[in-house]
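Shown next are two forms of a single protein chain, provided one at a time as structure tokens under the names structure 1 and structure 2.
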Structure 1
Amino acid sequence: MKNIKEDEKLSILNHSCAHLLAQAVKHLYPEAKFWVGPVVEEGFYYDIDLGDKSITEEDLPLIEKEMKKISKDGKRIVRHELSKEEALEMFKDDPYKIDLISRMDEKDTVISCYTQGDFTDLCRGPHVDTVKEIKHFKLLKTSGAYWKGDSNNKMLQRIYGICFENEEDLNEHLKLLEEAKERDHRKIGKDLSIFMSNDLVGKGMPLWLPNGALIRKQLENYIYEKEQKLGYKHVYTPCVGTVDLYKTSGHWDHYKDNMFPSMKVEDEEFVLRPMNCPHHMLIYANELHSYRDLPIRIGEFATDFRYEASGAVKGIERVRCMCQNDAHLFVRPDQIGDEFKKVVKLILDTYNDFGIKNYKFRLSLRDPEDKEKYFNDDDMWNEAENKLREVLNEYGCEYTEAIGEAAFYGPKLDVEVKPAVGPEVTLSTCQLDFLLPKRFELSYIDSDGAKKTPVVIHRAIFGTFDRFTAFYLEETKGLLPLWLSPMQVNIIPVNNEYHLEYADCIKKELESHNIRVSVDDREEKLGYKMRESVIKKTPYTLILGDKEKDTNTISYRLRGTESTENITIEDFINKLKKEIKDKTIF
């Protein structure tokens, strides 16, 4: 999909379209006041204060109509430059513009405004020459947006739109948007009964339905088995900790804004944990360790709570209650490279098993200037950052570097993926940490008998089961491989009266081999049931009629194909068992 911000010409056009939108809104809602209307990756938006009025998506066609009318009128877009004093006078009735102008420094900013017909807006520009050029646009949606992004401020109304140079480009883009909507995990999650939300539970706190729970269990089993083979030891720990625990770890100082407020019980003050590292540090510290015991790998499928802004939570991709596929690896300094390499391999193997191709590695480094966020030890940082680079180069992984994106305790390698809708998110992560082991005074006895401090690697292959499921639903468009499908086989008897008994018998047989089966015994037409089976994205649909019953066979149709195959039940079971075992992608 086109990134409008990256195309200079389209950027200008979209910016002009934002002004056109504002002008049309002003015509239809004279009391409207305007905050800012920037160009974004997805087009443009304008934040508007409409007093007690509100604009819904149903109102957008009317606004578009007014925009078209203004565009046809064809007024020129004229730039004026003015002094701060003149600007303050010109916009004296508009508190939003006054706010903007007051913060402008005349010495290094030229204050300018643009006029088109009866509408003038404060703006840096540039713009297209006349409103006539703004023809191929679409208003996309509305949402609420706090003034300056601060939830203590007034909620403004945001209208999003997009503009192109010709109708074909616009239509092509709208088609892609429509496809993205179809692929959005929130839609698939609803269609396939994977998760739900309820305000009584809270924002960003989705409930996993049986189908979702089944997928999640498979993911847990998959990664548990892999981690066990790699020498991980899995633990269970509480999803709260005391404030003192998080003061010791440093999260209280560095991560407090992302945590829920604390709660006092008797003489203890608890927080819902945002991370599991402190608990795992204490487990390490529970025993004495020799250099020969390391690496020690403590894993947990751990529930965490993070205070994500209510406007930022999204389906199961960004939640306030999540379950990490977490582990902390305690290593000697000489083991960092090897262990980091093993994590990268585990990520690559996992993605390969899932057939995931659309991802990018990103190395997140500190901003050496930011002494507040990052602990101040240049040698430690340089050493850690170089180790990560070395392994990535050795593995031949392509990666980008992001300055200032590191965690406060060390540099990290993230895997970035692009959701159907919205900005990129991190899936897997692997983070080096020289700080936390010191804060928890962790140690091991080295070969020379001296007490040394281990290094910690934080890593999450799936990230969280929540985010991974969201991503994978979008990556596969909900067409999950057989082993992950909540329902693997759907049986349709051609005629309930004659074939239901046979269908039930086949169901029992498949179930005895741990295959997940449903029988559609509703009194509906065969064609209807077949279509339903496709909508539910069930991998195999069995059609059982006279022929199958008489020959003791089954006829199956593989999802996405139009032909049916007739085979014995034994062959069918063996085929499915192999596909499940091999985790076949189809």
Structure 2
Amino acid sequence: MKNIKEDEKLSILNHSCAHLLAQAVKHLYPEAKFWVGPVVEEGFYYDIDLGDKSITEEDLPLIEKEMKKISKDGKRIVRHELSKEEALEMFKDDPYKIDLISRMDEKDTVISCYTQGDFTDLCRGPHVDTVKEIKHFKLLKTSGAYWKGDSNNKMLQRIYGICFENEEDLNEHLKLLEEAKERDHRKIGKDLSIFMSNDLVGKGMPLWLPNGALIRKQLENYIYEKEQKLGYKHVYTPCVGTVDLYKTSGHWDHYKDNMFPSMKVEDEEFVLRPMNCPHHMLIYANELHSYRDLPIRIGEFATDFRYEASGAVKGIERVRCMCQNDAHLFVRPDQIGDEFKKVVKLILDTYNDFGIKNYKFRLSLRDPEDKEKYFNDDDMWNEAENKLREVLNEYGCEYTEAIGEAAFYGPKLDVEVKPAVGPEVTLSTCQLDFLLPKRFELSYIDSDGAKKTPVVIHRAIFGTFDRFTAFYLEETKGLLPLWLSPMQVNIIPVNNEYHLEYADCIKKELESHNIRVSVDDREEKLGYKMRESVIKKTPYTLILGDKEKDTNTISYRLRGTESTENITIEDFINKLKKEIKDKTIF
């Protein structure tokens, strides 16, 4: 989809369309008052106070009709510059505009408004010349929005829209929006019973249903097996830590605003942990280590909690409670290159298994001018950043550099993935850390008998299982590969009276080989059951009738195909086992 904010011409057109929307609303709802109507990444919106009235999505066609009427009238859009006193007088009956004007510094700010026909709005501009240029638009949806984003203020009504220079671009964009709606992991998650949410539990606190729990367990098993082969040792640590733990790590000073409030229990003050590195530092410090012991790789599937604004949470993509595929590698300085390469290779191998191809590397560096956000040690930062560059260059990875995006304790490598729809998301991360080992006084005995401080590599291959699952559901439209599907085979007996017993026998045989299978024994027509199997996105559907029962075979249909194949149950089981072992994507 086009990023409207980044296209200057489209941005001006969309901002002008926001004013057209406001004018149409004012015609239909004379009592309406307007807050702000900015351009956003994919169009525009306007926040409106309608008093005790409300606008629903059923009302949008009527507003569009009025917008088209105004557009055809072709009035010029005229800019006026005002003094602060004149602006306050012009908008004296509008508390929202008065609030905006009152906060303007008249010495440094030119106050301007734009008039089109019978409508005038406070605005910096710029705009198109006439309303006649605003032809190809669509109002998309409505929602509520607190004035100034503050839940203590009044709830306003927000109307979203999009505008393009021609009908072709508009239709193309609307088609992409429809595609995005079909791929939305929240819709897929509901349709396939993967997760749910409930305000009694809390915003951003998803509940993984049995199907979702099965998917997540398969992801955990997948990455656990890979990490075991690479020498990782897995641990379990508490979901809380004392405030002193995070003061020691430095997170309390640099990350406190992203944590949930602390809680006092007896003589201790705890916080829900937002990350796992402090716990893993203490596990490393629990024993003495020789240079021969390193690298030590500590992994954990850890539940963490981060405070996200309620308006930012989204399904399982952006949550307040998440499970990280986390690990910390304690290495000697001379091992940084090899270990970093292994992490990059693990990322690439994993992406290959999941068919993820559209990604890029971003090296996140500190802003050397920002002494507040980043630990103030130029030598440490220069050494860490140069180490990562050397490895990436040696490995032949193409990457971009992002100043000011590093963690407070060290530079990091982010792998940004381009989904089928929507903006890029960061899945995998790998961070180099010279600071936390010093803060926790970690050490090992080097070959010369001296005490040395290890370097820590923080890394997460899936990032969080939550975000990865959201991404993969949208990437595949919920058509998961066989090994990851909650239900792998659905058996439909043609007639329960004659074929159900045979279906149950096939089910038991498949289950004995750890195939996830169900039998649809409802008293429904065969065609209806087949459609239901398609809707549930089951990879294989078996149809068992007289022929299959008499010949001790099965007939199967692969998801997405119309043809039916007849084979022996033994051959079918071998086929499934191979696809599961090979992580076949189809």
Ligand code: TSB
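Heads up, when I say rigid core I mean the largest set of C-alphas that superpose within 1.5 Å between the two forms. Keep in mind that what you see is a predicted model, and the values were worked out from it rather than measured. Here, a residue number simply tells you its place in the sequence of structure 1, counted from 1.
Shown as structure 1 is the form predicted together with the ligand, with the alternative form given as structure 2. Relative to the rigid parts that move between the two structures, the hinge contains Arg183, whereas the other entries in Trp381, Trp35, Arg183, Ser447 stay over 12 positions from any hinge.
After fitting the larger rigid piece on its C-alpha atoms, the remaining smaller piece is found rotated by 11 degrees between the two structures. Core fit done between the two structures; CA of Asp52 shifted by 5.4 Å. For Gly144, the CA shift between the two structures after superposing the rigid core equals 3.7 Å.
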